[in-house]
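The chain below stands alone, shown as structure tokens; this is the form predicted on its own.
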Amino acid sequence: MPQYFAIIGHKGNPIYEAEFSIQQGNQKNLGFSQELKEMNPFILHASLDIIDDLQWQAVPSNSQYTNDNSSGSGSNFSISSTGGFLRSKNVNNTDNCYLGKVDHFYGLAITAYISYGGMKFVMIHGTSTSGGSNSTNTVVIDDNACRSFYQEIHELYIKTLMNPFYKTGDPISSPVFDSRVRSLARKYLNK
């Protein structure tokens, strides 16, 4: 199942981008089709409006972002009912950075994570068939693995911020950062 991952800055600028074509079982390394590779940044940036809305809601109301899912719950979002992102002081919940599935586009799922500094970590999850925009397969996301991936990427990003030669908001072009992100993707997303 291919993934397209990006770290988005405060001004909507991409800080880091990577595509993971992860092999599952005896399948070949299937990536996104060429058409989707070109559209991935646009799909990802289109979901930023939803992420911004979820980030600053005082009381989360997911009714405007509902999906038709088979469980009948009407919502695929993991915002707690105790308040929006960074809103609840009385709850010891550290999972409020992980937003879960925030959007979908023709069978592709978009998940998000927001750092306390406002950086957005966003990923497009493709189907294992990588069939393009007319694919009817739905993407199944392991929330625990995805949450762990985002948390470790967040820690890696914080370590990059502590580098005195890195200026906040500049693109990350370090090959060490890239190799660690890809190894974390193999560890958590290759399931």
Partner chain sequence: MEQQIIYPSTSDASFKNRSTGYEYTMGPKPSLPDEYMRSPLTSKLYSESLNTKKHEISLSAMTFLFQEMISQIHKNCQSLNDFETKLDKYGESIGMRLSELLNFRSSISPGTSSRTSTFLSSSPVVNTTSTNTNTNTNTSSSMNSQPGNGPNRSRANTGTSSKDTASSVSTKSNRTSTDRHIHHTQSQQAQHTQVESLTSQISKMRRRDLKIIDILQFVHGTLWSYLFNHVSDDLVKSSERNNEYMIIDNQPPLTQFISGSNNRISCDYFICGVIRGFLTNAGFRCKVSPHLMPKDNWDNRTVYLIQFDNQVLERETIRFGQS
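What you are looking at is a predicted structure, and each value in this text was computed from that prediction instead of being measured. Positions refer to the first chain, counted from 1.
Keep in mind the form predicted together with its partner chain is missing from the figure; the text below concerns it.
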| item | value |
| --- | --- |
| Close approach of residue 151 to its partner chain in the model of the complex, 4.5 Å, heavy atom | yes |
| Its partner chain contact in the model of the complex: residue 156, any heavy atom under 4.5 Å | yes |
| Residue 171 within 4.5 Å of its partner chain in the model of the complex, heavy atoms | yes |
| Contact label in the model of the complex: residue 106 to its partner chain, heavy atom within 4.5 Å | no |
| Residue (of 145, 46, 161, 140) lying close to its partner chain in the model of the complex, criterion heavy atoms within 4.5 Å | 161 |
| Residues in 168-185 with any heavy atom within 4.5 Å of its partner chain in the model of the complex | 168, 171, 172, 173, 174, 175, 176, 177, 178, 179, 180, 182, 183 |
